[in-house]
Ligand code: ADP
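The data below hold one chain only, encoded as structure tokens and taken in the form predicted alone.
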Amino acid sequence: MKIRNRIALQFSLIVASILLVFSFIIYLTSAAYAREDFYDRLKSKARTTARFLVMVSEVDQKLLKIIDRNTLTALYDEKVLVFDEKNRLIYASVDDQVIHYQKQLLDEVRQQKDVETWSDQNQLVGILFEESGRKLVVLASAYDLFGRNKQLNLGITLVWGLIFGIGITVGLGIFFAGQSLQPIDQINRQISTITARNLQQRLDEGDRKDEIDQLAVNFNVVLGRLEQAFEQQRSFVSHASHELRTPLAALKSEIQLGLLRRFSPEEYQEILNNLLSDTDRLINLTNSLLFLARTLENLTQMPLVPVRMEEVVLMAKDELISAKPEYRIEFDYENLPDSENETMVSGNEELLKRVLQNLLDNACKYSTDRTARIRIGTDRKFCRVSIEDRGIGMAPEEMERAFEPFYRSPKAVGFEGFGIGLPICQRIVELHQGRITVESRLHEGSRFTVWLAHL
């Protein structure tokens, strides 16, 4: 069922339930009021008849019957019976009908002095009339023809009003639900036209005041992220293909050269060394690509434990110096921590060590003196690790692209690398809910700073 029809149905059920309850209450209230009013009229008739019979000596039974038949207030199928203390019928307003009554009713009237009940379809009241030392029981019954007709007309009016009210509610519910959901229909039509080839298309955001406009705004944000992800994927595949093609082409060339003619053992040795070098380059590139892809996984899949950053810095420094003894790394604090927890972060030790090794390796590699300076600073929220060099530096436009996969500055062409290290560092830091920033001046050096929230 469509949302429009569901909303109209729910709205109609609610209104119909309210109308039904109110109609039922009105009908019952009107019926109760009419019934009590008719009982009061019967009681008044019974008292009047008893007074005429007891208190007015000039009125005998025959005259009283004539008065009962011809009074303007006579009721439909009216009967009035008067009984003395011995339950003897001393007066009946009708002579041509058989009157049925029960002795138990007379006893009940004497006990309660006022009884309201039914006699077939007629309403019946019984009162105890005490006057001049006499205790008479008066029974009066009649059929409320006017009240029944009035109640029937009210019921018919309420039923038709309920039918028309529900019908109007259903129609208006469908109309207004359609009007309210029309922007969603427009959004659905616009979404159906968006494909992988036109992700730059955006939805109409209206005035951004209601929930539907906010839905369009949020969807446009998702489209922007999706477009960016597609662009990154296309760029990644393009650059990866290009980088993989270079060592593969070199391998093919060396193999073709080895098959071209016979060479001396020394020449074959040189060819094999070139093949080994290109193979190592291909393996390193493949490992970097795999590592970059793995860092895109969810943070919840990565074990996080308390890690002390000084220890990670020292391990990264020692391993890098061991692999490349020509490098020099200077380590110090920007400020002394106020507590031992200020250099403690929640993270993965191996991944953080990989970040620092990449940054230290770049700092030493691009510096003429092969020296990097690493500093640890803290504040109330963050632990900062800064790696600074005095190398080739970067221009402002190069800093903006520093973390793009496979991007390399034109001045870095002569240095070993694939342009994957910084994107890997950024990904790892983001997985730790931190950030990495860069400051650089051309021909003066660069400083990369890793910001991580401490415990």
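Residue positions are given as counts along the sequence shown, with the first one as 1. Predicted, not measured: the structure shown is a model, and the values here were computed from it.
Below: the form predicted together with this ligand, not depicted.
Peer 1: Any chance T378 has a heavy atom within 4.5 Å of this ligand in the model of the complex?
Peer 2: Because no heavy atom of T378 falls inside 4.5 Å of this ligand in the model of the complex, the answer is no.
Peer 1: So, Y27 and this ligand: in the model of the complex, are they within 4.5 Å at any heavy atom pair?
Peer 2: Y27 lies outside the contact set for this ligand.
Peer 1: Indicate whether this ligand has at least one heavy atom within 4.5 Å of a heavy atom of A402 in the model of the complex.
Peer 2: Taking the distances in the model of the complex, the answer for A402 is yes, it comes within 4.5 Å of this ligand.
Peer 1: With the partner left out here, check for me: in the model of the complex, does some heavy atom of R354 sit within 4.5 Å of this ligand?
Peer 2: Taking the distances in the model of the complex, the answer for R354 is no, it never comes within 4.5 Å of this ligand.
Peer 1: Which among 426-434, 391-399, 28-36, 45-53 is in contact with this ligand in the model of the complex, heavy atoms within 4.5 angstroms?
Peer 2: Result for this chain: 391-399.
Peer 1: If the cut-off is 4.5 angstroms on heavy atoms, which of these, T343, Q123, S93, N362, is the one near this ligand in the model of the complex?
Peer 2: None of the other options qualify; the answer is N362.
Peer 1: Only counting heavy atoms and a 4.5 Å limit, does any residue of 429-443 reach this ligand in the model of the complex, and if so which ones?
Peer 2: Heavy-atom contacts to this ligand in the model of the complex: nothing from 429-443.
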